[in-house]
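We begin with a single chain expressed as structure tokens, specifically the form predicted alone.
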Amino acid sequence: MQEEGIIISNASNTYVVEDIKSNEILKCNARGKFKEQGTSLTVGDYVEYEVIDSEKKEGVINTVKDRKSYIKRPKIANLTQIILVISMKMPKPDLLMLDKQLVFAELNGIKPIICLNKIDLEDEQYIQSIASVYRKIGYDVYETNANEKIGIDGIRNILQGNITAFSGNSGVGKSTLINAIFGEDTTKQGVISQKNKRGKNTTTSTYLYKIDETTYLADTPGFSTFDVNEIEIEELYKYFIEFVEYEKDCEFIGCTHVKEESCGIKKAVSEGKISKERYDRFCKIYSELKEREARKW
């Protein structure tokens, strides 16, 4: 009998599957046809399986459903949103990293949500100067103080019905934020909260934790590289989503939007329609991609 489940972890080609209806956990192997077809299963995949041994809770995966999204590093399927945690102070906001994260999310078709944490440590005017840039583009921006649980309800609400990962540099308060949302016993096993208490991330593989019937939290080894290198350099501007509408005003076909004078995007920057600081970070990422491209040869 075919059952439906989601892969919540895997190791050495053994997949831990959680049944969608019963929440029962089974260890499953995959049919040989997947290897023959060159199909790789991963955490987050929705699958159809059948039980082989009900006492030992073992099964076999017969079918994998189409993915809504897929990330190679860390490997995870069907992630629907990434909460990008930025510290307002200690450490200071890394907006270049934030823009790389946004490019990464846009590239992979995953909704990015920006969380400005530690708002108690910074001036309100400075916080709003950052928040307003991204809200104007159309991104959701949440302001939190995880230690005092300020703004936590808003983050908790947007998790509903999604598979969500949290991302952020060391020290931004990601661990405190997760514990503020879910309590000290963050997951059924308490794995995330226990790791956080040790003060270091020991995750080596991705794991999904079920929060409710339609809500999962992805515990991952992190999006440390935010590899945007696979983007064709001339396509980069498309992932700065507010740039796209001004590309039609460029005089030259194949405009790089960096050096040309008659550039619709640069004109929009000069007119205040695009943030000058965000445009400068676009140029920085463009330059990094160009340097890497040159090193290939």
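Start at 1 with the first residue shown and count on from there. As the structure is a prediction and not an experimental result, all values here were calculated from the model.
Not pictured, yet referred to below: the form predicted in complex with a small molecule.
Look at 137-145, 75-83, 96-104, 209-217: in the predicted complex, residues with non-hydrogen atoms within 4.5 angstroms of the small molecule sit in 137-145. In terms of contact with the small molecule in the predicted complex, the residue from 165, 155, 172, 71 that brings a heavy atom within 4.5 Å is 172. Mapping the unseen interface onto this chain, residue 123 falls outside it, with no heavy atom inside 4.5 Å of the small molecule in the predicted complex.
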